[in-house]
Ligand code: BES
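We begin with a single chain expressed as structure tokens, specifically the form predicted on its own.
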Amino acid sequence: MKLTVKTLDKNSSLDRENSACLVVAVTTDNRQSNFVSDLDQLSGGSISELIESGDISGELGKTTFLYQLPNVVGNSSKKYRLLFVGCGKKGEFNSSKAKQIIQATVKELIAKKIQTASCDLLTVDPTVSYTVARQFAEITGELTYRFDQFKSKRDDAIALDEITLIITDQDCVKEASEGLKHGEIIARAISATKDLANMPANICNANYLAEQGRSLTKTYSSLNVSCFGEDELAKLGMNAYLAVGRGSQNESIMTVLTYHGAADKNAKPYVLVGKGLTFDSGGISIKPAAGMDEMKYDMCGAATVYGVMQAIAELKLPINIVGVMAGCENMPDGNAYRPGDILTTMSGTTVEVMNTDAEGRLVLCDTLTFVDRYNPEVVIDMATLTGACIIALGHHYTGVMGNDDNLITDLITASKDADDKAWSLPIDDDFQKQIESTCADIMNASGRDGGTITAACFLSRFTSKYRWAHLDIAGTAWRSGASKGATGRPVALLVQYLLNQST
């Protein structure tokens, strides 16, 4: 779908726009915009009458759709359809309220099967033009996304083809255009992440992740890829990673994408590590049958890395970035690893396996040891790691933990900027004691208490050489039930973080 920003003089009228529908902002303040006044005059006072009667409401998020008004005719000499959107009090308009307004607007345009629309929401408060334009792109991408390639009968096509965002303040045109550009790039990255995460496990295995990584480098020349199969992983001593995949007939493959955008090609890179369990049965510690179909989403961390790397290549950020998709499958068979096994990790630390369903941290610990070779500026891993995170933060917030307070603060700030919520949790010695083993250096699971934090404590044992943060996305990466599907989080958070580091 095409999204554009168009400037109009403050004294211009919307009725000359060549769109099928005009989206007009209405506030609860007594004085409406010039656009409302012009349309009211053309219609012989019909709009002001409807506002006074309450049939057109300025209440936040309220929409009123009119198929035609007298004398309101577009360039094509066809009468416009008009969508009036309530924006509340003009002086209280902000980015949070803009989100509600945009969602209501796009949903109504889709429901009414509008093909083209001109929208004046940027005129309500031009000072937040960047945010509103970016939100428009991201929300439109979210509401028009479909994953129906496996349906014999596809979902009904969405008619909405083009939206023009109108702005009258010349000083804010640059911000609006940049916001729209960033929003479109992030929206495409989120859709790509969703497509990958929604793929069934009989198609999406570690080799499929590697193929997608190779495909990405063919599209973007700024990206390079390296793939490490089981032979290479064994030579590196990544025994914990390999143990998890022993019960599967699908090969474990670690896919590494690199991007060099900094003027200094040797500048320390920002490293992203994504858990890529393309299916997690739980292994010998097998999961209950109910909901096991959703365990194809246990690779959402890897899918996030894929989406972020695509976005970075399009944004052409002036920094170096490494993205790792740690692909693997956890299945039970005669060769599967067992509770009670002791594994020697790449770092030399030994791990007693208490639960084979605590497999993500075993894949990640070797991957986190591996990435030290890049001399990273920071390392951020993202993983659907613990159900305990859902108990702690629900499906609203991504859990953030790490060994560097400034990095955690930067990530929380980025989450607020991107409206991709995250919340920090502590790591301290009291929790570290819970993963001590009687027969190995540490154990991979320590019970329910503080489960999200003890999982992070486990990972922290392998990240002492660099600044590190862990994002537990178990509650935010996908939705369950009737609306089952990947959300694309935390792509927006991470892209925003990297944008912030680039300025």
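All residue numbers are counted from 1 along the displayed sequence. As the structure is a prediction and not an experimental result, all values here were calculated from the model.
Just so it is clear, the following notes concern the form predicted in complex with this ligand, a form of the same protein that is not shown.
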Margin query: Since only the chain is shown here, I'm wondering whether Ile453 would be in contact with this ligand in the model of the complex (any heavy atom pair within 4.5 Å).
Written below: no
Note to self: Residue-level contact is defined here as any heavy atom of the residue lying within 4.5 Å of this ligand in the model of the complex; does Ser118 satisfy this criterion?
What the structure shows: no
Note to self: Considering non-hydrogen atoms and a 4.5 Å limit, does this ligand approach Ala358 in the model of the complex?
What the structure shows: yes
Note to self: With a cut-off of 4.5 Å between heavy atoms, is Trp478 one of the residues that contacts this ligand in the model of the complex?
What the structure shows: yes
Margin query: What I'd like checked is whether Asp280, Asp298 and Ile390 together line this ligand in the model of the complex, meaning each has a non-hydrogen atom within 4.5 Å of it.
Written below: yes
Notebook entry, point to check: Of Ala133, Leu385, Ile253, Met309, which residue is found within 4.5 angstroms of this ligand in the model of the complex when only non-hydrogen atoms are counted?
Noted result: Leu385
Item checked: The unique member of Leu471, Leu39, Ala474, Val26 whose heavy atoms fall within 4.5 Å of this ligand in the model of the complex -> Ala474
Next item on the list: Spot the stretch among 149-157, 319-327, 428-436, 349-357 with residues whose non-hydrogen atoms come within 4.5 Å of this ligand in the model of the complex.
Entry: 349-357
Next item on the list: Output the sequence-ordered list of residues from 436-469 with at least one heavy atom within 4.5 Å of this ligand in the model of the complex.
Entry: Ala445
